[in-house]
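Below you will find one chain, with nothing else, as structure tokens; this is the form predicted alone, and questions on how it binds or moves follow later.
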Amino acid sequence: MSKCYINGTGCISAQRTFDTVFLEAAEVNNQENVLTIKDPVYKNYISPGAIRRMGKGVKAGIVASSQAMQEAGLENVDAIITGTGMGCMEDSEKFLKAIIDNNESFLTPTSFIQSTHNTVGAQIALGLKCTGYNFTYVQNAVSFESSLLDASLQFASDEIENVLVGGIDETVEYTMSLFKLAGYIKTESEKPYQIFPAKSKGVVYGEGATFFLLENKITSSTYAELAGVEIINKLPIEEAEQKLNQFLAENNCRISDLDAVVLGYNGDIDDEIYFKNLAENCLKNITQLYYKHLSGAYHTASAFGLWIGAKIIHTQEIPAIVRANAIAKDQYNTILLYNHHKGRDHSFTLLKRCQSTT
């Protein structure tokens, strides 16, 4: 993988992550099965007239990307790459509802125009007047990781020097009601909800927008090196450890080199099997962390996990609220992230501390 560095981050989530240092205001909400984002003051970033025409995913994406650029000290970028599993569902529902309510007549185009999956990337580009490479990946639970891989390819081919990479998904009432009927979301009778260890099927759903400013150089604002990313569509559980070791070896690393691992526990007892298999065997002596009890589970929640990993390397601190075991280290220089969705769309991401973070 071509060397690239996280030089800025921005995160809008179900926690107060937009005006705090690192999860000091985080709280576990075990009474709701759908977690919604805590809104920043959007008018500080977007004109009031434009705010009224934007869905919450678009607004959150613009703010998160602005924060990432501000941290990196940049006013524009060479490229914008986004990942989303569901796209702009709020405007999609508005447009479909308008079709029904108006008997397919007299429809305004605004909601349709803003319902496409690439709306967030497009709106960011319009605000920046960025005419560079702009691409959106819709690859279920590896949508965000696909964006990271594309960014790495752009760096490797010397097409860019910096890029905004983000993962965005939003919740909407009608779609969430369908997910509940399908059993994807935990039932009301299961309160208080428990993510780790899991006790039942289904997840606590969530939403969020997390952006990273990646550059091909280390700067004073560098969080960590993005050392490796790999996605696997299908991975038998008995082969997970072998694949993990292979991924690490390809990136000049071993399990003994890991200081922490961020696992995508989501509260579903079936999904937990993969994580427990690694956690109780090859990773049993490693500091283990989890995060979806804070963000909720959604297709690009792994971007929130990467934000946590980058923050840990940058601050050299692990908030107690994300610990899955009691193992601690004096330093956190190498962190692995592992995620999957329903036994498919597996991803490994490797972060390493670099000179500017010391």
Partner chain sequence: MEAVKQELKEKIISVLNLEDVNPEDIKDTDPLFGAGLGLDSIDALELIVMLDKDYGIKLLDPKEGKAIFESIETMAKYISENRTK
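Everything quoted here is computed from the prediction, not taken from an experiment. Residue numbers count along the first chain shown, from 1.
One more form of this protein exists, namely the form predicted together with its partner chain; it is left out here, but the text below deals with it.
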| property | result |
| --- | --- |
| Candidate stretches 191-199, 248-256, 103-111, 231-239 - the one whose heavy atoms come within 4.5 Å of its partner chain in the predicted bound form | 103-111 |
| Its partner chain contact in the predicted bound form: K43, any heavy atom under 4.5 Å | yes |
| In the predicted bound form, R53 touching its partner chain (heavy atom, 4.5 Å) | yes |
